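Shown here is one chain on its own, the form predicted alone, set out as structure tokens.
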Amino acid sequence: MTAVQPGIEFWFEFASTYSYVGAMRIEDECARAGVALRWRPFLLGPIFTEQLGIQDSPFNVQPVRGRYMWRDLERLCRKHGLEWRKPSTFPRRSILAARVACALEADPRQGDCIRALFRANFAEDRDIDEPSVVAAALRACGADAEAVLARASSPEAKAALRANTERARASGIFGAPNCLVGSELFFGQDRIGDALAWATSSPAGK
């Protein structure tokens, strides 16, 4: 009997620069490797507050680190052929976008809509917490924007995002993005290849 390969859970935050790079790549790379993908939106803010005692991005709190990150993002986007425009506001409030991603669970357009929202933030410098911006991104993917936004404001979507954030904390997540293969955590968009290798290796080698 052929062993069933574990899938990858991609844990991401819409305000995260490196999540943008990872989100734009992960679905194609999983498809090429024959690995199932599950999108896991969560909020980093509560985790940073709890773990670091800050209510801002570490890239803002540590300017030297921030300067490096912005230049690194330019290089990474050039490397992967991604559009890039430095957001005029960073980090942007991402609760609405994250709830929308939760509301799209099991929808075949989920990945397309997630990427469209990331592009709105990091390629178009648009406010992804503004319903009209989110609606435009959803319509561009062929989704019923009004219906999705209504589901995103439901108690179920709000509870799903809270549960994801709590599970991220419990899984040892401290930044974004992450790939989770079973209980194995791979932090950073540059570890997608390692996560795929782990997911496709024989169970005996783990």
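Residue numbers here begin at 1 and follow the sequence given. These numbers were taken from a predicted model, which means no experiment stands behind them.
This next part talks about the form predicted together with another copy of the chain, which is not shown.
**Report entry** Non-hydrogen atom within 4.5 angstroms of another copy of the chain in the predicted complex for each of I173, D190 and D194
**Finding:** Every residue of the candidate spot has a heavy atom within 4.5 Å of another copy of the chain in the predicted complex.
**Report entry** Options 129-137, 76-84, 104-112, 91-99; stretch whose heavy atom lies within 4.5 Å of another copy of the chain in the predicted complex
**Finding:** Among the candidates, contact is made by 76-84.
Query raised in the report: So, in the predicted complex, is D125 in contact with another copy of the chain at a 4.5 angstroms heavy atom limit?
Result: Close contact is absent here: in the predicted complex, D125 is far from another copy of the chain, nothing within 4.5 Å, heavy atoms only.
Requested in this report: Verify the contact flag for R65: yes if a non-hydrogen atom of it lies within 4.5 Å of a non-hydrogen atom of another copy of the chain in the predicted complex, no if not.
Outcome: Residue-level check for R65: yes, a contact with another copy of the chain.
Query - is_contact(S153, another copy of the chain) in the predicted complex, heavy atom dist at most 4.5 Å - result: S153: no contact with another copy of the chain in the predicted complex.
**Report entry** Contact test in the predicted complex: A159 vs another copy of the chain, heavy atoms, 4.5 Å
**Finding:** Flag for A159 set to no.
**Report entry** Residue among A31, A147, L52, A163 with a heavy atom within 4.5 Å of another copy of the chain in the predicted complex
**Finding:** By the 4.5 Å criterion, the partner-contacting residue is L52.
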